[in-house]
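Given as C-alpha cells, the chain that follows is alone and in the form predicted on its own.
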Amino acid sequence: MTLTYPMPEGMPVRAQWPRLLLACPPESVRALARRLCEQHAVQDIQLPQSGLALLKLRDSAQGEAYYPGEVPLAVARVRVTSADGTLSEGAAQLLDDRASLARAIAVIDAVLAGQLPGHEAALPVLAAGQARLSEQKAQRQALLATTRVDFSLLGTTEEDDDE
C-alpha cells in the first residue's frame, strides 16, 4: 500500500531534495542511507548507473536541436518497504558520476516522501544542505557586489557631443 502524507511546515519541496543532499558531504549522505537501509527493505527498481549524457539544446534562431557536449549523469530508482508494509518509491538523477551517491539519495528520497520511520533523521541533513547553499549564494553575491561598476558618473561632463 502506497500512502502520501503532507510534508511538515517549512520543509523544502521534493524537487529540491537532491540538490540539498548534494550540498552535504557525500559520506554523511551515504551514512544516513545505510542507516535507513538497515531499518527498511530496499529494492532497486532501476540499478544505479553512471555515465555520460548528451546535453541537448535548442537553437534560438532556427529552433533546431543541437548537442554542445556531454555531462556526467548518475541515475537510481528504488522501492522502500517499511516493517509495517508501507511502500514508497524514490529516485535520483544527478549531474554527477557517483552511482552509489545517486542510490543513497534515492533511498533518502523514498523514505522522506513516504514519511517512513527514520525520515526525521534526514531533516537535519536537508537543513545543513540548505545552510551550505545559502552560504555559497551569499559569497557569490558578495563577490558580485565587489565587481559592480558605477556608470552614473560617466557622461556628466559639460562637453557633451550634441553637435
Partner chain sequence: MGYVAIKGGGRAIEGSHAAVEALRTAEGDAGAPLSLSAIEHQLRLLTSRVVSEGGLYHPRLAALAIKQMQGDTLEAAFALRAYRSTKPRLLEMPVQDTSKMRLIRRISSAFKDIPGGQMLGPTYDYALRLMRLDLADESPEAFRSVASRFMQQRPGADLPDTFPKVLDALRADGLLPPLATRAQDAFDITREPLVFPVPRSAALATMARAETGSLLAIAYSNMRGYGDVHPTIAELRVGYLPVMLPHPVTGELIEAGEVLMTECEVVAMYESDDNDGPPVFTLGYGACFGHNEVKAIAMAILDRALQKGMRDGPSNPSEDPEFVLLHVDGVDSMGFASHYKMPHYVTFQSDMDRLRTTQSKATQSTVTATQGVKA
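Just so we're on the same page, rigid core means the largest C-alpha set that superposes within 1.5 Å between forms. Residue numbers count along the first chain shown, from 1. In this text, all values refer to a predicted model and were calculated from it rather than measured experimentally.
Although it is not shown, the form predicted in complex with its partner chain is what the next lines describe.
Its partner chain in the predicted bound form is not approached by E38, whose heavy atoms all lie more than 4.5 angstroms from it.
With a 4.5 Å cutoff on heavy atoms, A83 does not count as touching its partner chain in the predicted bound form; it lies far away. Its partner chain is not drawn, but in the predicted bound form it has a heavy atom within 4.5 Å of D97. Interface membership of L52, defined by any non-hydrogen atom within 4.5 Å of its partner chain in the predicted bound form, is confirmed.
Of the candidates E27, D44, E70, E120, E70 is the one whose heavy atoms come within 4.5 Å of its partner chain in the predicted bound form; the others do not.
Scanning 102-137 for heavy atoms within 4.5 Å of its partner chain in the predicted bound form gives D109, Q136, K137 in sequence order. With a cut-off of 2 Å and the rigid core superposed, L123 has a Cα displacement that falls short of the cut-off between the shown form and the other one. Once the rigid core is overlaid between the shown form and the other one, A31 does not reach a Cα shift of 2 Å, moving by less than that. Annotation for L95: C-alpha shift under 2 angstroms between the shown form and the other one, rigid core superposed.
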